[in-house]
Every structure is written in C-alpha cells, then in structure tokens.
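Below, in structure tokens: the form predicted on its own, a single chain.
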Amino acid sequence: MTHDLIFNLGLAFTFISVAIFIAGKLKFSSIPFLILIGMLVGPHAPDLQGISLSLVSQTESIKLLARLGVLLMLFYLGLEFSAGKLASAGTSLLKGGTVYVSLNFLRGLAFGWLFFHSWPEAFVVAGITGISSSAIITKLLLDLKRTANSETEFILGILVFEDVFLAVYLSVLSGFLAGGGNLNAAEIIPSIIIIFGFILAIITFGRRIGTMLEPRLSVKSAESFVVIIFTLLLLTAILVETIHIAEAIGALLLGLIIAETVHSKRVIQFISPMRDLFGAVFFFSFGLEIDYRLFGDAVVITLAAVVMTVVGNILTGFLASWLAGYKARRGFNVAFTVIARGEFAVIVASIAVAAGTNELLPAFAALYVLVLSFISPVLAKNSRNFYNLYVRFVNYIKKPRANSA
C-alpha cells in the first residue's frame, strides 16, 4: 500500500473507472460495484497466495472528496425542486412522512429486541435498519432519470423527514448510551426544538430567502459564479453542523432555496460534473471502510434484516404514498425506491460499539448495507414491472366476480 497522496488518488480513480465501466457493460447501477471494488482493494482487502490486494489507502483526501460528493448529490436534488413545492406538499407530506418513519423505526426496534434481547442494542438496530440512505437514493433517482417525476417530490420529503428524525435520534442515542439506558429529557428536548424550528423556517421562508439571494448571484463570470455557489454550499454545511443537523441536509435545503431563483439551471449545469465525480468517490470510499472478515458471525441476522427491510419498506412505502394521495403506480415507485441503507448505518453501529454495546453490530451494519446496495437498484429499476404484475393480479381477482355476476 502506498502513502503517496497523488499516486494513491490515481489508483483510487483507476478502480473507480473500472467499477463504472463494469456497471455500464452490465447496465446496472454503479453503486454496488464501487462499494465492492473499494472493499477488494482497500485497507481490509483479501490476500491471494500470501500477496495482499490492498492497493488503496483511505486517506484524508479521499474522505474529503467523498464528503463533497454527498453534499453535491443532495444539493443537486434540492435544485430539482424548490422550498415552495415542498411547503405546498404540507399536510399530505406530514401524514405520509410521519407514518413512514414511525413504522420503520418501530419495526427495527422489535427486530433488534428479538435478536439481542437488550434495549440499547434494539435502539441501535432500529436506527441502522430504519433510516434510508439519502446518497444512494439520490444516485438511484439520477440514474433512473426520475428526478422530474411527481412522486420524487414525496421521496424528497421522506428524505427530509428521515434526516430531521436522524438529528433527533442521534441526540437521543448519545444520551441513551451514555446514561446506560436512561434518558435525560431536559438535555434533549431543547436541541430537538432548535432542529425542527430551523428546518421548518427554511421550508416556509425558502422562497423569500431565494428572492433576497437572487440579485447577489447575478454575475456574468463563470469562474466567480461557480466559486460563489461552492462557497455557499460549504458555509451552509458548516452552519447546520453547529446546530447538529447533517451537513448533507444543509446542502439539500440550500438547493431548495436556490431552486426558487432564476439561476437554478445555471447552477445545475455547473455542478453536475462535480456531482458525478465526487459522488463516485463517496461510494468507493464507503467500500474502503468495510472489512469482509467480520461478516461470518453476522450472516444470519443480516439476511433476516434484509428480508424484514425489503418487505417492511414496501408496505410502509405504499401506506405512506396512499396517505399522501398518490395512486398505485406512483406508490410503487416510492415503495421500491426508498429501500437502500447507507453510511449512516455503519456510523450508528460504530457509535454503539464505542459505548460498549454488542461487538457484532459493525459487521452486521456493513454486510446489511452491502447486500441492500445490490438489491435496491434492481427493485427501483423494476418498480414498473412490479406494478404491472400487481395490475394483472388485481384483474385476475376481479374477473371471476364479474363472470359470476
């Protein structure tokens, strides 16, 4: 393994190119291939006949590019919509999002208790299995060219909902683990109110903020324009992190605001190539962190969790879509798209183990994310086929009744 930064980065991009080439040949999402190749050439790579395949180091530069990838993907997704559209979804989004997040979390809590018989571990498993990956789902929407679909607005709302919940969950989890299973409401409630207040303010006043921002973005120089946008993105990430909101959600909220201005198309044109470049680094970097040697003891619980997540997510996705007023075909797109889990699962498992919980959790989280990264693109891509099967089944059920009448 080399420690030369440029050489290491060159090797990383070589393998990223190979992963994307293979995915293109197979007409499959590049996400699982990027993760898998990251595993095979990263710090935890296997040995062949005593020769290590570990060729790429997980350096700070790769981690930084990966973080930028997440920011740019969520920023782009926000640009495809606007704060006004999200605010107009209002009640339907509130109903659907609340039901979706609540049921998924409770399902994970029951699953965690069933396998670990302990509330701290059950609470951690609920977080690992209950929160979707904003980065992977965003990439899927881009790959499938569904960003303009009406139901994507609802998917975006679910992602925002989940990340609000995530900010609350992390606050509660930290206090829960530090207190040995006891919670201090006086410490947690103020931070929850701040988080909710900030996000609601951005969604409610996003159009007004966009109007104020619009004249300040009217610069002819392409260089100045892209630098201003990139600076705004980084400053927003810093701002939201100070109040314990994920920086990726800050990027999404900024995208929603800039979408209200006349500059949104110009921003999309400039940041799209950077989004694709750094987004690929993110998934490769994620693979570098995974150690396949820990998978053995976690296989059974992982497979059970995958089945539970796929079945449960489809059901909750349908229910949430129905409550939000979407018809069956749109509901299928929602239910089969929001299944992926990502880096958040691994982070939660790491926090839990550092606090002294079950050591099986990191291996479980890593294998769980990897398996879903292969399954979720297939399900999302074939949501229309699943809908057609559903229509045939419904027609088959109705037909005998029609004949008997």
Partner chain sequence: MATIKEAELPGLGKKYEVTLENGDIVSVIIHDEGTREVYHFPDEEEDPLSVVTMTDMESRQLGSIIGGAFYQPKMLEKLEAAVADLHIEWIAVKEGSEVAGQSIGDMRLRKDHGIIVIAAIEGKKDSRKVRRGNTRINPGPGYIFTPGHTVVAAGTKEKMKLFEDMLKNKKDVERENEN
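Numbering follows the first chain given and starts at 1. Only a predicted model underlies this, so the values are computations on that prediction, with no experimental measurement involved.
Another form exists, predicted together with the partner chain; not displayed. Remarks below refer to it.
Annotated contacts: 35, 39 and 52 are all free of the partner chain in the predicted complex [non-hydrogen atom within 4.5 angstroms]. Here is the short version: of 309, 138, 285, 321, the single residue with a heavy atom within 4.5 Å of the partner chain in the predicted complex is 138. Though the partner chain is absent from this view, in the predicted complex it lies within 4.5 Å of a heavy atom of just one residue from 147, 102, 92, 272, which is 147. Between 103 to 111, 156 to 164, 225 to 233, 193 to 201, the stretch whose residues reach within 4.5 angstroms of the partner chain in the predicted complex through a non-hydrogen atom is 156 to 164.
Although the partner is absent here, residue 277 lies well away from the partner chain in the predicted complex, with no heavy atom inside 4.5 Å. Residue 384 belongs to the set of residues with a heavy atom inside 4.5 Å of the partner chain in the predicted complex. Put simply, residue 329 is close to the partner chain in the predicted complex: some heavy atom of it is within 4.5 Å. The partner chain in the predicted complex comes within 4.5 Å of a heavy atom belonging to residue 142.
Contacts with the partner chain in the predicted complex, taken as any heavy atom within 4.5 Å, map to no residue of 205 to 225. Relative to what is shown, residue 275 and residue 376 are farther apart in the predicted complex; their C-alpha atoms differ in spacing by at least 3 Å. Annotation: residue 153/residue 76 CA-CA distance longer in the predicted complex than in the displayed model, change of at least 3 Å.
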